[in-house]
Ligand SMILES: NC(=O)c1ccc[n+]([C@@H]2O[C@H](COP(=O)([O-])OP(=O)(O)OC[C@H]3O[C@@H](n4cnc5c(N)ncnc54)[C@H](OP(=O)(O)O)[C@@H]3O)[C@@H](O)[C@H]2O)c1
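In the form predicted alone, a lone chain appears below as structure tokens.
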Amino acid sequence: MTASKRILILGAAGRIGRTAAEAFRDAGWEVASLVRGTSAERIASGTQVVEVDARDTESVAEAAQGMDVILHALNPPYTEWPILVPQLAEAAIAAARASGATLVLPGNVYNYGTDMPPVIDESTPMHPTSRKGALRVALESRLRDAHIRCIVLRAGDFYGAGEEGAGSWFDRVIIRYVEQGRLTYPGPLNVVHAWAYLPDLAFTLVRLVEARAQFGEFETFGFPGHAVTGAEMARAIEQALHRRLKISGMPWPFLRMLGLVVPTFRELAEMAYLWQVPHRIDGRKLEAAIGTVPHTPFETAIMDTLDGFGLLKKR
């Protein structure tokens, strides 16, 4: 275990960054929240505001001085990934080198393409079949080749932690029209999909970081989270709301057609396979490293998430 507890969070106004900031703060860490502009209003209370443009490599490196850990929680809009994912990675790497801090990256399953197996672990070959998947593989390869201390915690689609920060598939798609009595599910209801409840993911990040002295230079871990079918997701939402809901599918052909002229729809349609190919994440390596993995019961996590959006009060 390491004694020093100072962390810089890049993207602290986003939902992952803010939730992680709260978890590290509550665990006794000194937390510096790096943001820019009006997003400073959304950072976790009790953390230090650092107003810096994350694309400014020199300024980010300066902000990282004295830090023990840097959390790279920046997630730009899909349409800006080709430019910003590599650029933001270089700033994070420079900061880790300048400070000697361990760099932590919340990973995802985009690295795996349409041939991904039902169970993903740290040895699963990465064969991306999307542009964003290729960018994520390149990002992790760059971090490995940078020869800095780095931890990647791979998780499924996130949900939870209320309305602050950028949205997710859960709130932007699945429950978007729940007040009108309708759910929109992006894939077949019998296909298993990997999800990560943000409070659990954040507590896991704290535990991993506090055990970092035992890891190699570059380590990846899988976060098991909740692997559930669309039917199980819909049932948990209905039970929390105490009402039946009409379930509709995602109009993928229409989105692909619109994607010819609207880049955002093109980028969304590229990820359709993740809802059609069953997958879950194996967490045995993570459990061996930190012990019991934080895991809120699925029904409780759904209820807390809906409550965070104020939906339980409106039922």
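Computed from a predicted model, the values in this text were never measured in an experiment. Residue positions are given as counts along the sequence shown, with the first one as 1.
The form predicted in complex with the named molecule exists for this protein as well; it is not shown, and the discussion that follows is about that form.
*Asks:* Even though the partner isn't displayed, in the predicted complex is residue 268 close enough to the named molecule, meaning a heavy atom within 4.5 Å?
*Replies:* Result no; residue 268 lies far from the named molecule in the predicted complex.
*Asks:* Look up in the predicted complex whether residue 52 has a non-hydrogen atom within 4.5 angstroms of the named molecule, and give yes or no.
*Replies:* The answer is yes: residue 52 has a heavy atom within 4.5 Å of the named molecule.
*Asks:* Quick one: does residue 13 come within 4.5 Å of the named molecule in the predicted complex, counting heavy atoms only?
*Replies:* Residue-level check for residue 13: yes, a contact with the named molecule.
*Asks:* Is residue 246 one of the residues lying within 4.5 Å of the named molecule in the predicted complex, judged by heavy atom distances?
*Replies:* Although the named molecule is absent here, residue 246 would stay clear of it in the predicted complex, with no heavy atoms inside 4.5 Å.
*Asks:* Tell me, out of 158, 203, 185, 112, which residue has a non-hydrogen atom within 4.5 angstroms of the named molecule in the predicted complex.
*Replies:* It is 158 that has a heavy atom within 4.5 Å of the partner.
*Asks:* Identify which of 106, 224, 230, 133 has a heavy atom within 4.5 Å of the named molecule in the predicted complex; exactly one of them does.
*Replies:* Residue within 4.5 Å of the partner: 106.
*Asks:* Could you tell me which stretch in 31-39, 270-278, 247-255, 283-291 has residues with non-hydrogen atoms within 4.5 Å of the named molecule in the predicted complex?
*Replies:* Contact-bearing stretch, as computed: 31-39.
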